[in-house]
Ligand SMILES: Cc1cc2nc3c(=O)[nH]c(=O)nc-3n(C[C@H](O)[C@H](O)[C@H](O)COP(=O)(O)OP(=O)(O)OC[C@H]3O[C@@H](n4cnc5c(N)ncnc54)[C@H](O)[C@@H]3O)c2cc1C
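Presented below, as structure tokens, is a lone chain in the form predicted on its own.
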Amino acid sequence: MRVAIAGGGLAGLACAKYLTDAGHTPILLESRDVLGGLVAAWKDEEGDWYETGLHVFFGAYPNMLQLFKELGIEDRLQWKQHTLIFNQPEKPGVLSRFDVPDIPAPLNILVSILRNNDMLTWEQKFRFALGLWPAIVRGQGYVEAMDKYSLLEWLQRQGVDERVNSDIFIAASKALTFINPEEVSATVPLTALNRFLQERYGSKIAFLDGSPTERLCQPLVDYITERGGEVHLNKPLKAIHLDAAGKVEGFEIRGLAGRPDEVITADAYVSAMPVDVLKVLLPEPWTSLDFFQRLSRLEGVPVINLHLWFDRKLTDVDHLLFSRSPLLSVYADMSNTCREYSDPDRSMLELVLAPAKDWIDRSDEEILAATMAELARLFPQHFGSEQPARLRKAKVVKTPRSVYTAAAGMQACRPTQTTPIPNFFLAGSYTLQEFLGSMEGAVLSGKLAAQAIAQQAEVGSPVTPSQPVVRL
């Protein structure tokens, strides 16, 4: 079968990859001149990479790790020491670590909490562990049922100390979802915790050894095209054409640079676009269907990613750090963590500003000034001296609509990969799958969409096979 896929992020690429594995022919259509979606990266005028976000890989990402294995690029993941590192705002320049011992889960995580005496008292540790116990014992079913509460509400119901929220869960919420505990669904961080508590290396972190565009997306393109699939850039979806029965009969692609519009036909069609884009392009006859009406409550969360190049080394930490800053979420010195960005003498910090809803419309200059003020608190030894570190250059990457806003009650709005339209499927981390809005969720959603299409083909597709058609 020919399958047209709109959207060249990880969900679309994964869907195309697994369709080729099943013997089908994907035609992937990306609107921009770069693949990757929310993991896209570009080179600046000096040849330095800057990315859409600070991307880390966890041991609890089975589908992503399997994908790396199938592509033969496992060595591109640079695994770090099994630990979680937090800044201590009340002690500028001091880091607090949760070192995870190499013993079976969940004992390894519990021991790491017990060993940490910087952030939590023994009473708080006890309340923390007691509060998490229902999620450990009752499993993912319990976790899913907690979507009716925000994380803050759930913590209060469990009697977890407020300081545990301020010291740990604010940082975790911002890192996972880019919003604060009073907004985020309890299901999201509890799902992550469940994975970390169930898998020995679930919370272990890896960085890619270079840009996602070259080191992950390009191998996917090579895999797809070598097996007969197609990948096209600068092919934005303009409209979804329907036949008299309401099924898809073609994707209309907007012509760029003076080229005419074209209609691409296939046997099945996939939207791997962000949910915000899909909502705009939904055909009018579909808008009355409950399946698509539920999408109206889903929308992407604004995210800002910063890259700051300095004239000296600010830190030798080779890991992800939770800033515990009101402005920043997580950051890393990519000159330490990433082989391609390595620099023994100068730092390149990559930072995530979150929540970003109050900042997304501000100028780059305002955002940069506020970030530098935060860095002065994080690195007083480099910015409080007579010869402060000098910022050589900076890039600010704004994503007004990133992963879906994982607020309480949103689980019921997330659609399956199959839709009421027999030949139309969805892929994207916003769709219903167990890994929520993440790179792992995007890959899994693409795999699930490909499996659904392949299963439909096996039992007999309701769509008449078609040949590619181009209409002016």
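It should be emphasised that the depicted structure is a prediction, and the values quoted were computed from it without experimental measurement. Counting begins at 1, following the sequence as shown.
Unshown form predicted together with the ligand; subsequent notes refer to it.
Contact annotation: Ala442 falls within 4.5 Å of the ligand in the predicted complex, judged by heavy atom distances. Using a 4.5 angstroms threshold between heavy atoms, Gly37 counts as touching the ligand in the predicted complex. At least one heavy atom of Leu281 is located within 4.5 Å of the ligand in the predicted complex. The ligand in the predicted complex comes within 4.5 Å of a heavy atom belonging to Lys235. This chain is displayed alone, yet in the predicted complex one of Asn423, Gln417, Ser438, Asn63 has a heavy atom within 4.5 Å of the ligand; that residue is Ser438. For the options Pro189, Pro274, Gly202, Pro355, the residue carrying a heavy atom within 4.5 angstroms of the ligand in the predicted complex is Pro274. Using a 4.5 angstroms heavy atom cutoff to the ligand in the predicted complex, none of Tyr50, Leu84 and Arg339 count as contacting. Only one of 65-73, 29-37, 42-50, 409-417 places residue heavy atoms within 4.5 angstroms of the ligand in the predicted complex, namely 29-37. With contact defined as any non-hydrogen atom lying within 4.5 angstroms of the ligand in the predicted complex, the stretch 115-129 contains no contacting residue.
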